[in-house]
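Below you will find one chain, with nothing else, as structure tokens; this is the form predicted on its own, and questions on how it binds or moves follow later.
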Amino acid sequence: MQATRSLSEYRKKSTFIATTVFLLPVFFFILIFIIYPIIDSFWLSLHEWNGITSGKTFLGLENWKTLMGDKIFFKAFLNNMIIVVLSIAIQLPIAMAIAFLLDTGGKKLNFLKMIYFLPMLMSSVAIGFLFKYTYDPQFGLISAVDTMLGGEGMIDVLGDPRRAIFGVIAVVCWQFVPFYMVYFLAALSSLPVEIYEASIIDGASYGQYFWKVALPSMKGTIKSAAILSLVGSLKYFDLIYVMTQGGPDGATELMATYMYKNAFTIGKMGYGAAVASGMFIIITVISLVTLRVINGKEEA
């Protein structure tokens, strides 16, 4: 009995040592590239620094007090929330519909999978420039189509504060629908074939199979996709900065573009760090609350 216990303890000790040895490099990189930058950003937010000189002036909570009364930051936060809501409301249903059609189509539609996935193979900067020219009021596709249909053309999407945010959201959806399509397609493909065959034998149509069998089975996948879309929309930057740089008149300003301007364009590194730290807190709180709400509903 004592020999068995000693062997069990020896195995536990060996497993602990092996696990520690394999995980130490991971912890090291997490500490250097994730934990340290977060702590350093919070520390930098307490200073005034232009990013060039070696000297930093300690301000305490001055940058945070300024941030709390910064109307541009809250406007940027509101724009981020508009993108979050519309991204989830538009991207996920379209991606789910395409995924289901491709899944039911089988191998005959494999070429469409490749075509639909093309936007994900392009960089955000390239997509930004592509649609910047597409939206051009003089030479762009939108104005050209309007002229062909008998309109006056000269439709300025990105230059109009009322249209700009919806113009960039359309591009964001175009870019990320393929990602969620593949995500949902993988989930649909993993569903047991026996369930599909049993549903069809029982007389269910494709639509009934989707609504009553496939969709309830994909709750976990849909929840993960919604969280991914939420977090991605809250920290969105590159494509919108290329297209509008936050304009016109702050209509497409996001928290990330506002942080970039303060830190790297104006040279207010301390305030830029405060904006970045504020973003971190907001994204963390919203993500945790969303997860709590979703998991709470599931447990209920």
Partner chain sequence: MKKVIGKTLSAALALAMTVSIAACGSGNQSESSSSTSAASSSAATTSSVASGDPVKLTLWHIQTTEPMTSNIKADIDRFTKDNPKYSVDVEAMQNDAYKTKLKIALSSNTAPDIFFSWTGGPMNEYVDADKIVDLTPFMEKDNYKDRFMDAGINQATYKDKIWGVPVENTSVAMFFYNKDLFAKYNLQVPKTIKELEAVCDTLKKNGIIPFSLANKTQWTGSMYYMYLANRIGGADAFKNAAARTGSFEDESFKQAGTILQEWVKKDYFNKGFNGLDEDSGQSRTLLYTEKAAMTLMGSWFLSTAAGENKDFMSKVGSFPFPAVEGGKGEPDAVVGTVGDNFYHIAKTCKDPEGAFKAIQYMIDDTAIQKRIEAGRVPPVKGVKVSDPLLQNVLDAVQKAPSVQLWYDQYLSPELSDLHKSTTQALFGLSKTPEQVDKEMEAKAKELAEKN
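It should be emphasised that the depicted structure is a prediction, and the values quoted were computed from it without experimental measurement. Numbering follows the first chain given and starts at 1.
Here the subject shifts to the form predicted together with its partner chain, a form of this protein not shown in this document.
Shown alone, this chain has one stretch from 128 to 136, 171 to 179, 91 to 99, 206 to 214 that lies within 4.5 Å of its partner chain in the predicted bound form by heavy atoms: 128 to 136. Site residues Ser41, Pro119 and Asp238 are none of them in contact with its partner chain in the predicted bound form, judged by any heavy atom within 4.5 Å. Taking a 4.5 Å heavy atom cutoff to its partner chain in the predicted bound form, the contact residue among Gly151, Gly159, Gly220, Gly105 is Gly159. With a 4.5 Å cutoff on heavy atoms, His47 does not count as touching its partner chain in the predicted bound form; it lies far away. Proximity of Leu61 to its partner chain in the predicted bound form falls outside the 4.5 Å heavy atom cutoff. Proximity of Gly267 to its partner chain in the predicted bound form: non-hydrogen atoms within 4.5 Å are present.
Thr57 falls outside the set of residues with a heavy atom inside 4.5 Å of its partner chain in the predicted bound form.
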